[in-house]
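Presented as structure tokens, the chain that follows is alone, the form predicted alone.
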């Protein structure tokens, strides 16, 4: 981990969904230490600022990040051209810890841009199928146009990959509704399942409640939480959630720790 941004060259910038771009970055010189699925980097767009962005891919020395342009820094990152450079700090935070789920069924539940930090986990699980039980991937998005990684999704169903949207558009013949409606089609044994959940907090709470009701242990429900991360080193307090500093103690935590914190509106 480094507190000083290192220069990374943009080798690709492609449209991913409405308002989102996927960037591939490679070190221009010194490389950062290896990232784990679920961790995040601080990406610096020169002249615009720095923001935390989850790692969406770890392939052959490259870092992949999917960014939605909603502020000055994120819009600047979405506009970077291949061949130019951005600053990168990291790795920061806790990861999904796939090895701790050895022998368990895996249940991946994503909402919106929350699929990005789950993508490396899914790819790692697919690359080592003997290390766990059944893999189910459940994905929710606002519209079909907001779905990420659409070309990859057909290869993720072992045994099941389901997609639902809040609002269907012309030509959409798939499911419409909340992502928890897909749980009835997933194939898993709740007491021997580890779930990985990322998305809006309302979706995280609803999914976790349903999984608890079905018998998945709270500590086996791993959730990724977001707050306004600023320094990424646990010093400024911007990302505090109760006793947790999410840039240091998170973003991935067990729901046994997250549940009481997410239930308090003031936090």
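Residue numbers count along the first chain shown, from 1. Note that the structure is a prediction, hence the values are computed from the model and not measured.
Same protein, other form: the form predicted together with a small molecule, not shown, and the subject of what follows.
*Asks:* Mind checking whether each of 53, 71 and 113 has a heavy atom within 4.5 Å of the small molecule in the predicted complex?
*Replies:* Answer is yes for this spot.
*Asks:* Where does the small molecule sit in the predicted complex: which of 135-143, 188-196, 172-180, 113-121, heavy atoms within 4.5 Å?
*Replies:* Flagged stretch: 113-121.
*Asks:* Answer yes if any heavy atom of residue 228 is within 4.5 Å of a heavy atom of the small molecule in the predicted complex; otherwise answer no.
*Replies:* Close contact exists here: in the predicted complex, residue 228 approaches the small molecule to within 4.5 Å, heavy atoms only.
*Asks:* So in the predicted complex, does any heavy atom of residue 66 sit within 4.5 Å of the small molecule?
*Replies:* Because a heavy atom of residue 66 falls inside 4.5 Å of the small molecule in the predicted complex, the answer is yes.
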